[in-house]
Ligand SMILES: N[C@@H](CCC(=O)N[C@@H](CS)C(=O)NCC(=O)O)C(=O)O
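Coming up is one lone chain in structure tokens, specifically the form predicted alone.
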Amino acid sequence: MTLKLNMLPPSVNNMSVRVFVRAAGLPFEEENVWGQTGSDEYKAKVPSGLTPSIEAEGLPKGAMWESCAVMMYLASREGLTNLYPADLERRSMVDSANFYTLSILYPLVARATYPRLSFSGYPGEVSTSDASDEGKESARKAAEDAIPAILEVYNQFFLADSPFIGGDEPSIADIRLASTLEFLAITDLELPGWLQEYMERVESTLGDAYSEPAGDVRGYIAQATGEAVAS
């Protein structure tokens, strides 16, 4: 069974796994499931209705989801220690960075960008409430303003002694972080020089494996920005 990747092209969550399978050189089949994730057919395979998800032989339920979990599984299965270090000390940096990205950085990025991207917000968020437009923008801006301090943690800790997280070549943590940072293009933030250099370093090292999926995200952002300007 060929690895099947169910994905949504504009999503940075999905982008991370799309970059990974290309960087890893894995044979895969990619399916755009835009508008299908709520269907009975999709949920029969992926009850969460989430993407990215993979379908692969050997998985206990035939499928799995969550970007970092997918990358960790595939890298471990294929012995890709260049992308997911076997050395526990290096792996600790990768795992810590990934969970920090998912639990701390990404929620702020989502709150700061989803309203401008016309993405559905999460239940309970100000953006999905009956708050005024001013209140929603105030909440969005608060999330945006909190991001620089979070980013500085990567500079001071995860990237202080090496060009990439966990070593001298990109890991799954770099793929996940750089993909996440793509959404910041739609915010009002001015990225610090070190971060711009880091993103360029990740892309130049990974080449087309990064640039191709990034093109879909950037194209969507350009469209969203154009619509915002037009309105």
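When you see a residue number, it is the position in the sequence shown, counting from 1. What you see is a predicted model, and the numbers here were worked out from it, not measured in a lab.
We do not show the form predicted in complex with the named molecule, though everything after this point is about it.
Only one of M64, L50, L191, A185 comes within 4.5 Å of the named molecule in the model of the complex through a heavy atom, and that residue is L50.
Contact check for L5: no non-hydrogen atom falls within 4.5 Å of the named molecule in the model of the complex. Interface membership of Y114, defined by any non-hydrogen atom within 4.5 Å of the named molecule in the model of the complex, is confirmed.
Although the partner is absent here, T37 sits close enough that one of its heavy atoms falls within 4.5 Å of the named molecule in the model of the complex. In the model of the complex, the named molecule sits within 4.5 Å of a heavy atom of Y122.
In plain terms, the part of the chain that comes close to the named molecule in the model of the complex, with a heavy atom within 4.5 Å, is 64-72 out of 159-167, 24-32, 194-202, 64-72. Residues L8, S11, N13, N14 are the ones in 5-19 with at least one heavy atom within 4.5 Å of the named molecule in the model of the complex, listed in sequence order.
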